[in-house]
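Next comes just one chain, in structure tokens: the form predicted on its own.
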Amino acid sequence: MEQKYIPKASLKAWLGKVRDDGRRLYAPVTENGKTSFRRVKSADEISMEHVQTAQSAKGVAFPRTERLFSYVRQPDGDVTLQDYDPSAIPDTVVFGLRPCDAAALKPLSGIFGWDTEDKPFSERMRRVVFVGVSCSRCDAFCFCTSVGGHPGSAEGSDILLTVVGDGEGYLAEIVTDRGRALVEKGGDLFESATGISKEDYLAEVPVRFSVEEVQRKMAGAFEGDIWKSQSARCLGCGACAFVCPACACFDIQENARGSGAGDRIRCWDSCGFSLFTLHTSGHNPRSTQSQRWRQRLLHKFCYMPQRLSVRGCTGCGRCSRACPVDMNLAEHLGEFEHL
């Protein structure tokens, strides 16, 4: 893996060149005390003082709402379809995502490509370059090391930056050809990196549980009481799913404009919603919140590893930070070790 060094003072100039090249630039922006990914017009808008953003960067590849196709009914009764247009997807750079967010691109790619390739997701992924930034700090909600991650992991990033030295520069690990092409846009802004090790500058995230043991115990607890006890105060609000970088549940809605035209829209959904598995007959195979909570955890830690060889959780801790009733996923996962 090729390594370069870029001074902190040169970083904004590099991002300016990237944006001037015609690409859209998304990065963490702090507004009213909350940091989330936004499209930025200037590198001066970017904030990197946070441990984790409130929302992940997932929406760049898997938007919250997305039009799949449009239709128009002609006067003679024929229907004209306007299919999804991948050429309309802009070239984009996502800057500042943490390693746990970048790692989530693998399970998302697995979900949207395991059977029939999902065209919108695949086309967006082809047009996005991800520039990750290692974690120099963590908080009590972080548990990436418990699920196979690392605060300095380059998995999923095209370029991984790590703040080194006295904080006045970044070690740049160039992971992919797309990342290399982006570094070349910076010209002389990047310098050679000799004898720089990032390990001394990374956050220390303690291992909270054995994920292999949790997965083994969870798989054998389908009829156990633990699901009821853990979900007793769950509101089914879906906040955990909407902030998760690896959740991929969606619904399909028809946006009809009278009887002559309309759109088919894909939008985020959550397996924690009471209507998620409701049949037209009125039967709901997951009629209680404990059943929905069980589905969420088994899907992430058992079903996805079996089918896709990847977990559906990267230990970012967002679900626990966002939960209005203080359900803590890392604590709940640790409970399975003691079954």
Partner chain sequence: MADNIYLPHPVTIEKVTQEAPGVRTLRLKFKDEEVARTFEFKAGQFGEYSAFGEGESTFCIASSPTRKGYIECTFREAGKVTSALAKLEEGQTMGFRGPYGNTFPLDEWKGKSLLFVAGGIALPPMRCVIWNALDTRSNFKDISILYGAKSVADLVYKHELREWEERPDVNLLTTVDPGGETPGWKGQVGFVPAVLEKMNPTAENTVAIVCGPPVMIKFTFPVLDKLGFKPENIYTTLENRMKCGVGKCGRCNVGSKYVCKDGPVFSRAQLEALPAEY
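The structure presented is a predicted model; accordingly, all values stated were derived computationally and were not measured. Positions refer to the first chain, counted from 1. Take the two forms, find the largest set of C-alpha atoms that superpose within 1.5 Å, and that set is the rigid core.
Absent from the display: the form predicted together with the partner chain. The rest refers to it.
J.: Partner absent here, but in the model of the complex, which of 129-137, 94-102, 108-116, 147-155 has residues with a heavy atom within 4.5 Å of the partner chain?
T.: Of the options, only 108-116 has residues within 4.5 Å of the partner.
J.: Is every one of Pro86, Leu275 and Gln295 within 4.5 Å of the partner chain in the model of the complex, counting heavy atoms?
T.: Yes.
J.: Select from the listed residues Leu202, Cys249, Val183, Met125 the one whose heavy atoms reach within 4.5 Å of the partner chain in the model of the complex.
T.: Going through each option in turn, the one that passes is Cys249.
J.: Is it the case that Glu191, even though its partner is missing from this view, gets within 4.5 Å of the partner chain in the model of the complex, heavy atoms only?
T.: No, Glu191 is distant from the partner.
J.: Does Gln253 reach the partner chain in the model of the complex, with heavy atoms at most 4.5 Å apart?
T.: Yes, contact at 4.5 Å.
J.: I'd like to know whether Gly195 contacts the partner chain in the model of the complex, with contact meaning heavy atoms within 4.5 angstroms.
T.: Gly195: no contact with the partner chain in the model of the complex.
J.: Flag Leu81 as yes or no: does it have a non-hydrogen atom within 4.5 angstroms of any non-hydrogen atom of the partner chain in the model of the complex?
T.: Yes, Leu81 sits close enough to the partner chain in the model of the complex that at least one of its heavy atoms falls within 4.5 Å.
J.: On a core-based superposition, does Arg257 travel 2 Å or more at its Cα between this form and the one not shown?
T.: The answer is yes; the displacement is at least 2 Å.
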